[in-house]
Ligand SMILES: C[S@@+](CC[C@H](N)C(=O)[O-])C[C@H]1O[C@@H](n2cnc3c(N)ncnc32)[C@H](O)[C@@H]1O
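Taking the form predicted on its own, here's one chain by itself in structure tokens.
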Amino acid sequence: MAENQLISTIKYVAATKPAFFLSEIIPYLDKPLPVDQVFSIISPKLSDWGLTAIKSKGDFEIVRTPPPQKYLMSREELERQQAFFTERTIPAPLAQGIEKYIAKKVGKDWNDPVIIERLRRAIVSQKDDYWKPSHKRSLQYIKGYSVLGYLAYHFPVYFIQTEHLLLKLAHDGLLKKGMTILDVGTGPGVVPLAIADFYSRLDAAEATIYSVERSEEHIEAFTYLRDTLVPKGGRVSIKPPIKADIRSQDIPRLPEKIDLVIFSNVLNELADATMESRADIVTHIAGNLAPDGSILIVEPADEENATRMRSLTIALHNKGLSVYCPCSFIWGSTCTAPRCWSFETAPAIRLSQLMETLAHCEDSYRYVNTDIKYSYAILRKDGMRKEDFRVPAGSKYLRLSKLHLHVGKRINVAALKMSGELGDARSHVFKICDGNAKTPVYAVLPSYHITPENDLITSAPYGSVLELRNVLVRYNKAHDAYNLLVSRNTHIHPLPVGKPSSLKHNNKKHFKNPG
């Protein structure tokens, strides 16, 4: 009871005064305690309360912790980032570092015909394994030529893909001037190296990067590339990987108050893990997330992995994490992610010299990996979301859950654009969602129906909230889905979404660390 009284008193005084000494609190307690004992009781909780203690002559001054400073890029910094994305290739020192590492591991030149053929076999083996049913895949990438094949084939796309996502975070104000970042299942260090490269084009941002990886072979490649490419003593510090299985409930030496946790192309590789266990992995590590931190989950864009990704997002939402983007529940209800094939795209990368050499053969297409397509979600603990649009009461929009009652009719809907192009030049197809649908819904625009009034569906960014007026409802029996036909008489407009906002006070559930 005494501790409860102390805590409630501290919280009350902190809410009414910007600063106070602990000695001021003692007279209000039924059972007075020494200042040092008061401090020992409350010190573990101060950070969660947004308070900081400053020792002062046998006392402690309690002050409000200033909010972290968001990092907003200057025009010059943005221009440097845009110049990088225009190149569409990994930096030359990184490409050369990968080549040198392969040569170091095999004891021959990386472009030796025997080595190139072994790399090709490793890549084909990985791809064959990837396309097996999920319960039969191994996708280890943990030893010998499997790691070298990963460096040659997967690394360049994932590297530039990560930089695209970092740019999104920067644009949304989710990067701070000083960041503590954790990359879970880092492999050969794609994400930490991409962060270091992205930050090299910023003027004042700093980051300390931690990572978790179980494979010695990956850790060896990670360490070589880090030591070769990232200068010591710079604004980005990449710590040695923590050797652990991400499924462990006791990963050692995890930092506290992490600003950004990244799961990049790793959860889908846990072939034997259930949706519940994957969600538990995320929520357990999220116990170390700063109150205003973010979790970024990225998975491949193929239908199986992308749909599973959306189901995982909803599972995490149900466990108390809030979805910042790209999902937005515009009717105020929680989506069930019905077979939601949702993904983002970016311009294809250029071939590295290594990949070009691998592709110099009869079946060249097998060794070319340049497309950037990915499914992602950003989650938080504070309830903040990117888009705060809610369908106003009395609006004449039909919920997508009611489409089955309006087949053959023309309707108006409000929905998010939730995919890249799923169709072709003759007929454009995009996944749309309003958080209500029980079956997948697609907007379909035949090319001969394109007008200035409806072509926003093709150009609007992923995650945009749109108004679609006068679309025809059709049911696609073969795919058990609904198509909204966009015609010459359809008008599509953006809906005003406002600024990012926090719904923490409306959340029925609050995040708790299950571990």
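For every residue, the number given is its place in the sequence shown, counted from 1. The shown structure was predicted, so the numbers you read here are calculated from the model rather than taken from an experiment.
Below, we turn to the form predicted in complex with this ligand, even though it does not appear here.
Heavy atoms within 4.5 Å of this ligand in the predicted complex: which stretch among 211-219, 348-356, 375-383, 328-336?
Looking at the other structure, the answer is 211-219.
Check whether Ile246 has any heavy atom within 4.5 Å of a heavy atom of this ligand in the predicted complex, and answer yes or no.
Heavy-atom contact with this ligand at 4.5 Å: present for Ile246.
Check Ile297 for me: does it contact this ligand in the predicted complex (non-hydrogen atoms, 4.5 angstroms)?
Looking in the predicted complex, residue contacts with this ligand do not include Ile297, since no heavy atom lies within 4.5 Å.
How about Thr186 - does it come within 4.5 Å of this ligand in the predicted complex, if we only consider non-hydrogen atoms?
It does: once this ligand is placed as it appears in the predicted complex, Thr186 has a heavy atom within 4.5 Å of it.
Using heavy atoms and a 4.5 Å limit, would one call Tyr150 a contact residue for this ligand in the predicted complex?
Contact check for Tyr150: yes, within 4.5 Å of this ligand in the predicted complex.
Between Asn265, Ser401, Thr307, Gln81, only one gets a heavy atom within 4.5 angstroms of this ligand in the predicted complex; which residue is that?
Looking at the other structure, the residue within range turns out to be Asn265.
Which listed residue (Val190, Leu175, Cys433, Val261) meets the criterion of a heavy atom within 4.5 Å of this ligand in the predicted complex?
Exactly one residue meets the criterion: Val190.
In the predicted complex, which residues of 268-291 put a heavy atom within 4.5 Å of this ligand?
Glu269, Leu270, in sequence order.
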